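Have a look below at one chain only, the form predicted alone, in structure tokens format.
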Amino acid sequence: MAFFQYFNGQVLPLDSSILQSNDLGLIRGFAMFDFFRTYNGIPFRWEDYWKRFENSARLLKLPLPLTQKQAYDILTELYTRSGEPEVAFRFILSGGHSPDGVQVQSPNFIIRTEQLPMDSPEGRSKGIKVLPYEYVRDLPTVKTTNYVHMILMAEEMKRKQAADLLFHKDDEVSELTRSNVFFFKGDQLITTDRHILHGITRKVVLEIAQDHFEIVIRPIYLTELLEAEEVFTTSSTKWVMPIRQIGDQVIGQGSAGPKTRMLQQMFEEVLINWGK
């Protein structure tokens, strides 16, 4: 195993020191990232991830130093050097080194190769517990590096045996800290597009579900989630993950419901056949 990283034109060992202490990502929290992985040795939904990364950079007014093709060539080199059958990639684009601590001069672009995230088959069968948390992210369509609320609540989540936070404001639900939210009401599959990061797994689930359920995209509310038949969340690491409990309220039967299991199987088929 030999993981490497790309940094501003160089490919270096992953443990190399690369940033100066005046990087705007460090001193101002001005940085964005994205995270995805390979299946069958091929980056999953690369076009979608790059498009989202481009959009985030545009919203933060950060110029991208590479074209899509150049970035893909670097992914290929990093994957080959790793010697692993599957890897995860993390893109980080920060405001760069700034002499005055305010002005962006030249962004720093990092591409890290990482081990795959730990799988959670038990979570996908039994579901996870989440804690309601009153908060709406700034710039929700941008995948910034600011996860302060999740970190501040880490001990509370551990104490209450919860896996994540469910963001809501004035009863309206947006997302979890790192994933999107869906619920079933009869044959309707309902999700929101307000105040969220537009997840790539979310997009795939909507694609595969449209022939089987009525898709409804509208604001969703905590009160209706607590009474829903089935609730689940989606992300590149969670896949299709049932939510069995929100705070003290058990959802449905307290495990993965039949419609969620159906989508799990369909999504996993997409992964198994990716690139074939």
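The structure presented is a predicted model; accordingly, all values stated were derived computationally and were not measured. Residue numbers run from 1 along the displayed sequence.
Not on display, but discussed next: the form predicted in complex with another copy of the chain.
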TODO: Look at the candidate spot formed by Leu165, His198 and Leu271 and say whether another copy of the chain comes within 4.5 Å of a heavy atom in all three of them in the model of the complex.
DONE: no
Task: in the model of the complex, the one of Arg112, Arg124, Arg202, Lys129 near another copy of the chain [non-hydrogen atom within 4.5 angstroms] - done: Arg112
Open item on the list: Under a 4.5 angstroms heavy atom criterion, identify the one residue in Leu26, Leu226, Ile215, Ile42 near another copy of the chain in the model of the complex.
Closed with: Leu26
- [ ] Please determine, with the chain shown alone, which of 60-68, 233-241, 44-52, 216-224 has non-hydrogen atoms within 4.5 Å of another copy of the chain in the model of the complex.
- [x] 60-68
Open item on the list: Under a 4.5 Å heavy atom criterion, is Asp138 part of the interface with another copy of the chain in the model of the complex?
Closed with: yes
- [ ] Check whether His149 has any heavy atom within 4.5 Å of a heavy atom of another copy of the chain in the model of the complex, and answer yes or no.
- [x] yes
Open item on the list: Can you tell me whether Leu75 touches another copy of the chain? I mean in the model of the complex, with a 4.5 angstroms heavy atom cut-off.
Closed with: no
Task: Distance check, Gln188 to another copy of the chain in the model of the complex, heavy atom within 4.5 Å - done: no
TODO: Determine the residues of 86-124 with a heavy atom within 4.5 Å of another copy of the chain in the model of the complex and present them in sequence order; the list may be empty.
DONE: Arg90, Ile92, Ser94, Gly101, Val102, Gln103, Val104, Ile110, Arg112
